[in-house]
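One chain comes next, on its own, written as structure tokens: the form predicted on its own.
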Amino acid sequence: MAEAVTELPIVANARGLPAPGGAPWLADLRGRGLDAFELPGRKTEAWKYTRIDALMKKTAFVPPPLIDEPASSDIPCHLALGAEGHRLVLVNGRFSPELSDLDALPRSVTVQSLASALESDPQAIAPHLGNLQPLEGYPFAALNTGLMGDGLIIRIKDGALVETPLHVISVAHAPGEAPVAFHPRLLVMVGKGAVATLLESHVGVDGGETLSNGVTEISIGADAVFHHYKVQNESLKATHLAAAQVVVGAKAVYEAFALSFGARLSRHDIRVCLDGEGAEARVNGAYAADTGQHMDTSSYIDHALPHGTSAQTYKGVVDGSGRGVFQGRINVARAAQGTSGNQLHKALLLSNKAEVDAKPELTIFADDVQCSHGATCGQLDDDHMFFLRARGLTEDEARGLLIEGFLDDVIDLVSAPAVQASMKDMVHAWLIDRSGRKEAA
């Protein structure tokens, strides 16, 4: 790690803080994380559309205080997914049993805070923690590895049928004037033949300046089905960085959907490895950005073995001077014959100042494949607007209906009806809020 990086406020202010667990392998893992951390700049290809170096150099992010946990009634649940689920709450990256609902968990599921696992039995998680996410090329995953202190470990037993979703609510809370940074780690192990759903809701309590730098590691056993739905709805003073790596076993299915409305700057890095024959991944998402917001989705789907299937569809709506970024890559290894991989990004620009950058990529080393990728970007169709206006709708109502239909179309890919309905309600609420901002201006 370069000397200039060690002096970044986010690193320097965390130096000397006690870290749970004292196992030699853990100290080595944290050291490798900090050594691999390099602040991405203009010449870093994967970050050329998303500049974060100025923010990291100028903002004196500090670790969150150990006190000042918000009350349950203060958590803005209306910003979280409304689907029913077992509530697991993180406040500034720390697990809060008091705010969580652990009593009704089925016996086939165990939940433990990362901090307690590192203190009580670190060797038990040594084979699972930090082995999936490559540190090189993922700078903020490396920083998380170097500074992680808490998070959640979720284990789902072989053959389990978990009917009620697990709902992780991550609350960003800056009780004082100082900007707060935290680095939660989520480790999920899905057993062979299991069926389960994980919901993630990222919200802010007080509108303070925060940086959430999370890493999620998911391993899915053979023949399992795992649904993973995420909503990012943090404060407009927040920075949200998230890296996820998923390893999918033979004939297993991974379905993911990420929906973003909040934060001034957000980036979602997702890397899925189809590591078993016949594995399947459906990785979709949507985002809505307005003036002062920058939203980046970067995905990498790695077909490692034969007969894998992947499908990606992302849609974005950008208004004002907002900016959206989509970088998607499908890699087909030489051994991955019989692969089917498809990727599509569509963006709707609502103003002349809105901007979208898209970079879809395919790298194919096998012969027997069916792969496609594409990106489109445009404005609302004038004919559609005329059709709706001719039937009595105002211009604002017509625009809202077309925007809602554009995003609802991709949300229809969510297979859980309750989650799908909740996400559509969020889109509708965002449109109402957008209309209010336009009238106020």
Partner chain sequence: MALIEIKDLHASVDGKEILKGVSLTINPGEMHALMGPNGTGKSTLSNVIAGRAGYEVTSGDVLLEGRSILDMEPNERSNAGVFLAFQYPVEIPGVATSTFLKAAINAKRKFAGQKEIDAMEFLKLVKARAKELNVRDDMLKRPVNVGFSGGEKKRAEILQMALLEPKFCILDETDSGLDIDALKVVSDGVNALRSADRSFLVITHYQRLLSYIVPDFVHVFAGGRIVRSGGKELAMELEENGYAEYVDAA
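Numbering follows the first chain given and starts at 1. Just so it is clear, the structure is predicted and the values come from calculations on it, not from any experiment.
Although not depicted, the form predicted in complex with its partner chain is the subject of the following passage.
Enquirer: Residue-level question: is Ala54 within 4.5 Å of its partner chain in the model of the complex, judged on heavy atoms?
Expert: Output for Ala54 is no: heavy atoms all beyond 4.5 Å of its partner chain.
Enquirer: Is it the case that Glu69, even though its partner is missing from this view, gets within 4.5 Å of its partner chain in the model of the complex, heavy atoms only?
Expert: Answer no; every heavy atom of Glu69 is more than 4.5 Å from its partner chain in the model of the complex.
Enquirer: Report whether the minimum heavy atom distance between Thr394 and its partner chain in the model of the complex is within 4.5 Å.
Expert: Contact with its partner chain, yes.
Enquirer: Whether Leu401 contacts its partner chain in the model of the complex should be assessed with a 4.5 Å heavy atom distance threshold; does it?
Expert: Although its partner chain is absent here, Leu401 would touch it in the model of the complex, with heavy atoms inside 4.5 Å.
Enquirer: If the cut-off is 4.5 angstroms on heavy atoms, which of these, Ala375, Leu388, Leu34, Ala46, is the one near its partner chain in the model of the complex?
Expert: That would be Leu388.
Enquirer: So in the model of the complex, are His384, Gly405 and Asp409 all sitting within 4.5 Å of its partner chain, heavy atoms only?
Expert: Result yes, every residue of the spot touches its partner chain.
Enquirer: Okay, which stretch from 22-30, 36-44, 54-62, 376-384 lines its partner chain in the model of the complex, with non-hydrogen atoms inside 4.5 Å?
Expert: Looking at the partner contacts, the answer comes out as 376-384.
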